[in-house]
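The chain below stands alone and is given as structure tokens, in the form predicted alone.
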Amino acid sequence: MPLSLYYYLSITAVNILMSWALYVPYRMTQLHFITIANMMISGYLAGYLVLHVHVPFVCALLIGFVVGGIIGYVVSLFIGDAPTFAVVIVGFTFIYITRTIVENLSIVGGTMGMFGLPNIGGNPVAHRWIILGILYGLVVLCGFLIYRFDHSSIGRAASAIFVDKELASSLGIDIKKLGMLVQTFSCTLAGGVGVLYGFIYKSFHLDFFGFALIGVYMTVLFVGGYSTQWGPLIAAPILYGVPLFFPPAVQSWRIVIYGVMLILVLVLKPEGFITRKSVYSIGLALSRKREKVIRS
């Protein structure tokens, strides 16, 4: 497999998963940017365990999921029912604090980063296939879980909170409990993805987990469509892949292009390009086509 294709497929999967990590809490209007900090914490921890303590990669990956979930749960005890602005501020603060701590920890490389992570499977080819297998296995698993969530009573409760929090509360919906659930899930996913993100490049560096990631994942979420899980799934490969065909001078402006796209979409088409209505229409059309085939 060409190295360029490997990076395209792996980063696309990361963008899908992390956009979903934002999508789930946003179902109840919470932009949970602490997920970026969780990527950093779990990633560096797993890298240190594998490189210096010689913990097997699978164990380090599982620890990354667990650590992300624990952090998400503890924080959700305080902001499970907080308004959007408060959740955003907490997320930004966590990113800043985490970056400051990491850059002053020599045991994880500080500002120089952590390099020389071993190949999983013993050689580069096996490493790439294992990483891709885990990533797309997660895409399938998380896609299924989110689909079930969206079509469950919990998902409908989240939709009610998104429309009117006070009305949802009057209907007996426990907003804090639901907020804790979606935030913990989001952070658990981010913790594991953070580990995989570093192992894609076999290194960890602070630049991997900068504030620019927020812009990337926000663009995927809102351009694709924040009201359905299919938006990020379709937008991620397109938004990451199309700029690769641009000249290098233009590619360096990728984040600026994403920012302009995000602003334009929020102003001109706030629900994004893939909406629940469009998904319903496509499903209805496919159902009618299937019925015609069966009748014929």
Partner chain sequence: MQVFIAQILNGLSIGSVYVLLVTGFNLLLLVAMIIHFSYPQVVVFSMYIIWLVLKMTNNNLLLGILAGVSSAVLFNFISAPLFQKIMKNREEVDINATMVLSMAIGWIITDVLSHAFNNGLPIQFPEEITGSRPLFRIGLISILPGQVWALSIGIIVVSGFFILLYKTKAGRAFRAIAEDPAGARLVGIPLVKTGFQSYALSGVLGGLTAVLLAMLFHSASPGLGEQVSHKVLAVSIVAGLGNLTGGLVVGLALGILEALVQGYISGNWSNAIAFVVMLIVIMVKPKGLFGMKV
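As the structure is a prediction and not an experimental result, all values here were calculated from the model. Numbering follows the first chain given and starts at 1.
This next part talks about the form predicted together with the partner chain, which is not shown.
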(request) Would you kindly say which of 168, 178, 90, 146 lies with a heavy atom within 4.5 Å of the partner chain in the predicted bound form? (result) 90
(message) So the partner chain isn't shown here. In the predicted bound form, which residue out of 106, 100, 123, 152 has a non-hydrogen atom within 4.5 Å of it?
(response) 100
(request) Determine whether any heavy atom of residue 44 comes within 4.5 Å of a heavy atom of the partner chain in the predicted bound form, and answer yes or no. (result) no
(request) Spell out, yes or no, whether the shortest heavy atom distance between residue 215 and the partner chain in the predicted bound form is within 4.5 Å. (result) yes
(message) Does any part of residue 244 reach within 4.5 Å of the partner chain in the predicted bound form? Heavy atoms only, please.
(response) no
(message) Residue-level contact is defined here as any heavy atom of the residue lying within 4.5 Å of the partner chain in the predicted bound form; does residue 239 satisfy this criterion?
(response) no
(request) Counting only non-hydrogen atoms, choose the one of 137-145, 194-202, 215-223, 113-121 that falls within 4.5 Å of the partner chain in the predicted bound form. (result) 215-223
(message) For the three residues 31, 260 and 266, which mark the spot I'm curious about, does each lie within 4.5 Å of the partner chain in the predicted bound form through at least one heavy atom?
(response) yes
(request) For the heavy atom contacts within 4.5 Å of the partner chain in the predicted bound form, list the residues of 199-213 involved, in sequence order. (result) 211
